[in-house]
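Have a look below at one chain only, the form predicted on its own, in structure tokens format.
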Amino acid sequence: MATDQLSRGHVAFEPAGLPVREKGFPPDKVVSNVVLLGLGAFFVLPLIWLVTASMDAGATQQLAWPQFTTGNFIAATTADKANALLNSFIMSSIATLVGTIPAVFAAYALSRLAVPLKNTVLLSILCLSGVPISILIVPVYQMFSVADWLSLTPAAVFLGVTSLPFEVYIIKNAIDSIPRDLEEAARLDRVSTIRIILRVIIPLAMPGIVAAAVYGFINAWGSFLIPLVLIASPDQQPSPIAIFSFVSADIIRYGQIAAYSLVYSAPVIILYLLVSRVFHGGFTLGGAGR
């Protein structure tokens, strides 16, 4: 009889120690999926509006089927708007260099050297990374105004300094995962500390350094308040300020705002695509090392 049941498929054996798979949809998973779909809609719908409004000749703040036109993109790529994009790229590049290069050496010192009160310093770094920049903008403006620094480059340097604490924390965690044996082997060959940093630490910590650099770049790329206050010349204003040229007292050009927003977001998307392979390769190497 048992043989007949086995042949007919009525009896199934579960491996010992493995949970039995439940059939159907548990209520908790249904609720969680519905909540996640609702939250996802809040992010997807604005993006859909951004795309449709950029191609809509009569775009409004409501989501509707577009009246297709290329006029919005033509208005968003004029000479002054392209100059604003160039200013954003210059400002973000300077801020990235100012924030990332010192962060590498500071992170190495905090990771490898016997720094007095190291835990206190690290805690201070985390606290400083959470300080809102808006509370510092008035005294910084007064200092820059007295020194005649209300231009693009000093504002970019200030943005790089503001991202420095968090970049130090990111890179330090990357350096902590590098075995000290590699440095000790290099020191046996009488390699200097600076060459160890350049030849050993930086290549192995590159995913963390790239992550910190991307954070610094995006932090400067999306900054609005600092360039608005610390850059006096309209010709040096970056893209976040240029968006307001599409807003006047009697009309808001929603279609041109959407088109310029897509153009403005393109460099960040390209940057992500360029560095995604670095992240993947670094994470794979880190997992294999364990």
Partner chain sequence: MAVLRHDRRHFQWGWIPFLAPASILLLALFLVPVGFSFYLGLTNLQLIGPHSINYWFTGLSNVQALLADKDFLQSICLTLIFVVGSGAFGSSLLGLVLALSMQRANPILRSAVGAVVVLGTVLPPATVAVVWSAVTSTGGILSLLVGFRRAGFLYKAPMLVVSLANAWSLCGLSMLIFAAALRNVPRDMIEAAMLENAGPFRRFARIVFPVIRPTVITSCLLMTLLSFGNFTVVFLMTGGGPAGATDILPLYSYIEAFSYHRLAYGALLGNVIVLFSGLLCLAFLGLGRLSGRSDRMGGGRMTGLAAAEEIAPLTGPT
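Numbering follows the first chain given and starts at 1. All of these numbers come straight from a predicted model, not from anything done at the bench. Superpose the two forms; the largest set of C-alphas matching within 1.5 Å is the rigid core.
One more form of this protein, predicted together with its partner chain, exists but is not displayed; see below.
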Check: Does at least one non-hydrogen atom of Leu50 fall within 4.5 angstroms of its partner chain in the predicted complex?
Finding: yes
Item checked: Contact label in the predicted complex: Leu113 to its partner chain, heavy atom within 4.5 Å -> yes
Notebook entry, point to check: Should Asp235 be counted as a contact of its partner chain in the predicted complex, where contact means heavy atoms within 4.5 Å?
Noted result: no
Next item on the list: Please check if Ile231 has a heavy atom lying within 4.5 Å of any heavy atom of its partner chain in the predicted complex.
Entry: no
Item checked: in the predicted complex, the one of Ser93, Thr193, Asn83, Ser151 near its partner chain [non-hydrogen atom within 4.5 angstroms] -> Thr193
Check: Considering only 96-110, what residues come within 4.5 Å of its partner chain in the predicted complex, judged by heavy atoms?
Finding: Val98, Pro102, Phe105, Ala106, Tyr108, Ala109, Leu110
Check: Superposing on the rigid core, do we see a C-alpha displacement of 2 Å or more at Gly38 between the shown form and the other one?
Finding: yes
